[in-house]
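Let us start with two forms of the same protein chain, each given on its own as structure tokens and named structure 1 and structure 2.
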Structure 1
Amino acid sequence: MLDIECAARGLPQDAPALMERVAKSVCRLEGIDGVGAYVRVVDDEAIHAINRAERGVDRPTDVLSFPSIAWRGGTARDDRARLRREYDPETGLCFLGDIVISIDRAREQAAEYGHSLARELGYLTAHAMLHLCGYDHMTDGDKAAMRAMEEKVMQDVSLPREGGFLTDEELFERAESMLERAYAPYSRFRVGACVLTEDGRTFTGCNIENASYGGTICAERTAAVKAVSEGATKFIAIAIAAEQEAAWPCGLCRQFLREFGPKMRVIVGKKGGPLYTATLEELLPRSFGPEDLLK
């Protein structure tokens, strides 16, 4: 249904499939089918230029939609005759219009709300698709109707929470479930971890000790190498569960994690206890990272 073109770097692997699912959900909930839309994912500079040229607004924005149909009497569901008239036998679809999304703004907003980039792209797709279907947010009433549809869509594609794919508690639960896998016969200090990556995936790990003590790997690094080896190199958050006492990551892990998300949220706690959070930037200020090598 969506023809997605990405002219910017860093589109999460799973984002196009998620955006397609979102678009299908919008149409199902609106009660229309046989439609298509064109989506361009660009950077801030490109969306700024489009915003200026098309709308006379001289600034970047997160999403722009250009409906090709002016629906009469409400939204697409109220004007099905029009939908049939707009059918293009060449494509076999009714073209709803164009969507432009800034990946830079989406990334910023995802960090602000503490959820994944894929979820933010999904949400922006829902918002834009609803505009193409005739929804708007000019009056309070229209805005409420549009918000309600957005919520329904996000529920429908299983991305319902404001906090993103997972809450801190859920991420922590996954870390906690790894405590039993910890291989810690020497210290008996069991640790479990769970990384949340930008594309919404999670990767768990536990500490793995060795008779040659220096060979020990912390839970955080176990989770991190599992993520990176599966192609997920941008981390949004990590939860760390310890059996005895909440433990912040060791210095080595802070440095290791910093590579894959200098601003990631770090959630720690002990089994059954309260959670504490910080950003990695707070835990490792004035750090050294890949950018320093490129200077």
Structure 2
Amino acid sequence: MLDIECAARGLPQDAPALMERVAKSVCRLEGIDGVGAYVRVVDDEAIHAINRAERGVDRPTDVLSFPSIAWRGGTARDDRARLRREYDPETGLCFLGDIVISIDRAREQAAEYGHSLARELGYLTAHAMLHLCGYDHMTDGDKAAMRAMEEKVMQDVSLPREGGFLTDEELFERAESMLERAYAPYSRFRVGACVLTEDGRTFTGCNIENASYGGTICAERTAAVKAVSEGATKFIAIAIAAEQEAAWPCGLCRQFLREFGPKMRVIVGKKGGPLYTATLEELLPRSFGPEDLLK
């Protein structure tokens, strides 16, 4: 079903069999069979070049999908006529498209989120295969449907999400989705944020300006307040999205976030641009926190 080419070092020997199993699970849960896809495993340099050439994105990403079928609304299960038109008598399969996976990013993300490389490769394969089947995450509804299918697949192949952690790109997508809700009539500088908590939950927020200026609240604190109000007081990471340029947290936000995650990861970027990361310790060195009140 999968034609896998490894053009990078470090792919575990048993990885192709796992990726094949994940792809078959996607098709079984989608209710389709007799399909194929081409998968190329590369390093960060190669996927960076593909991103730049094909998407105008000047950075490496973890996975890319290039569907060969333009689905007419819905997903593969809803458009079997188009699927049949991709039938290749030489292979006996209907070709879904191409997938590119960065083994470098997969390894880094597995380490960052505390789960196995097998789990990360399985997730990236499921995510890419679902894209080939017509799933997407451009709207909240589409995103929810795709995430639900991803989790079904991972459960089906016994690779459930460990700790509920999301990739940097997923966190940034959620932060980016809040830009349209920002209330910024004075600065016109809209910002969205997404906090990841220790128990795997995420909370989003946007900047909310006020005519008094002093009453303005940043997106980071909006997301943080929503998290704390729901009982989540230990943060692992925060993603911050802006439209015009990468927006690092202001001093007040850095101190506010330090209360709930002194070692948390901070991910910033703008629409269509590269993502930058740092730890809160790097952004707020020699900081003051709750433990200092006990001295």
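As the structure is a prediction and not an experimental result, all values here were calculated from the model. FYI, numbering is relative to structure 1, first residue = 1. By rigid core we mean the largest C-alpha set that fits within 1.5 Å across both forms.
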Pick one: which structure is the form predicted in complex with tetrahydrodeoxyuridine? 1
Spell out whether the Cα of W248 moves at least 2 Å between structures 1 and 2 when the two forms are superposed on their rigid core. yes
D79 C-alpha shift between structures 1 and 2 of 2 Å or more, rigid core reference: no
Fitting the rigid core first, would the Cα of C94 be found 2 Å or more away between structures 1 and 2? no
Following rigid core superposition, Cα shift of A211 between structures 1 and 2 in Å: 80.7
